[in-house]
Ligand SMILES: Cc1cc2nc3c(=O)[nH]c(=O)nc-3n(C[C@H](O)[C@H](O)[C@H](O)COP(=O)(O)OP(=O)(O)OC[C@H]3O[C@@H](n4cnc5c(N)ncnc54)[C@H](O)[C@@H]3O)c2cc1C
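Below you will find one chain, with nothing else, as structure tokens; this is the form predicted alone, and questions on how it binds or moves follow later.
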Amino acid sequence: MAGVWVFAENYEHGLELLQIGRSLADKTGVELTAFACGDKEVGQQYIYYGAHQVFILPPLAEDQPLETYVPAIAEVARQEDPDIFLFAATLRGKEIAARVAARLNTGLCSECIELDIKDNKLEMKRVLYGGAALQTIICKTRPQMATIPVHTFTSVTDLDNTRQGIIKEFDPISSTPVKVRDRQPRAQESGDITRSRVLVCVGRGVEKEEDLKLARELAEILGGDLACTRPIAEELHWMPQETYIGLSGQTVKPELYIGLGISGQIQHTTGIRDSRIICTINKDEDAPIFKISDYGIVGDLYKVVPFLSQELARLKKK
């Protein structure tokens, strides 16, 4: 029994997994193990944040993809037999998790949003049918594996730099037939909305592309960023794809979310459910989004938003 293991390709996501991993390990009375990709200092930080043991994966060569780690991760898991193995559900994290699960001949529950221990088994919950249903899964094979969407859980915060743990370093990873010939980063036209404290989000209620300036001005006054629903980005192409929120887009957790002209279909609201405050402006008083809003204004956004921006700007000058 090797306890609860977590793998994330970067430090921030690792701290999120340590939070839920620590909770599960405490409930089952086992130890918590984390992986750090090529950085012993990160490994030491993971111990300060609650890991009992950290595996340091060796740095990869420029032409080696992250998936090069799969055989090594699978082999150490086969030898030490963890109870639970959690992966951050980034694009590469999900691929690594699937490959490791296949090598270990075990199940993998993807995109889990809730985890708990019931009758000594890991109970995993994930959203189905565009958010219309919640599926509960229990894996009968070992290890019980799941991928966790980033920002599902808060990062662990109880730092203790006196905490002791075990750090184990892997031997250099042997070469694989897969080589990275070139990297061409995708041009990102906007900031990372998953990190924004304030978001102003536009929907189909905005009639013309040039009208986005109303929402953009409001976002600037509030010191926030502009986001949108899927149709605005994928159908109308008014905004970059990385700015749309929803089940197939970004999941956000701002301090303040303001929705403009958004009806509130489940595909969108799934991505904003963890917002601290949700404010809605919509002329349709029966719009579903009002049901999840902390504050709502029934009115024409073309009248409400300019007035709101004017008043906020006036208050800032005081």
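Start at 1 with the first residue shown and count on from there. Throughout, rigid core stands for the largest set of C-alpha atoms superposing within 1.5 Å between the two forms. Remember, predicted model here, so these are calculated numbers, not experimental data.
There is also a form predicted in complex with this ligand; it is not shown, and the following applies to it.
With this ligand omitted here, the record of contacts in the predicted complex names 224 to 232 of 153 to 161, 224 to 232, 135 to 143, 85 to 93, defined by a heavy atom within 4.5 Å. Though the partner is left out of this view, residue 296 does not reach within 4.5 Å of this ligand in the predicted complex, counting heavy atoms only. This ligand in the predicted complex is approached by residue 265, whose closest heavy atom lies within 4.5 angstroms of it. When contacts are judged by a 4.5 Å heavy atom cut-off, residue 247 counts as touching this ligand in the predicted complex. Contact check for residue 284: a non-hydrogen atom falls within 4.5 Å of this ligand in the predicted complex. Checking 78, 103, 204, 125 for any heavy atom within 4.5 Å of this ligand in the predicted complex turns up a single hit: 204. Along 286 to 305, a non-hydrogen atom within 4.5 Å of this ligand in the predicted complex is carried by 287, 299, 300, 301, 302, in order along the sequence. Positional change of residue 149 between this form and the one not shown stays under 2 Å at the C-alpha, relative to the superposed core. If you fit the rigid core between this form and the one not shown, you'll see the Cα of residue 288 move by 2 angstroms or more.
Remark: with the core as the superposition reference, the CA shift of residue 50 between this form and the one not shown stays below 2 Å. Closer approach of the C-alpha atoms of residue 67 and residue 241, by 3 angstroms or more, is seen in the predicted complex than in the present form.
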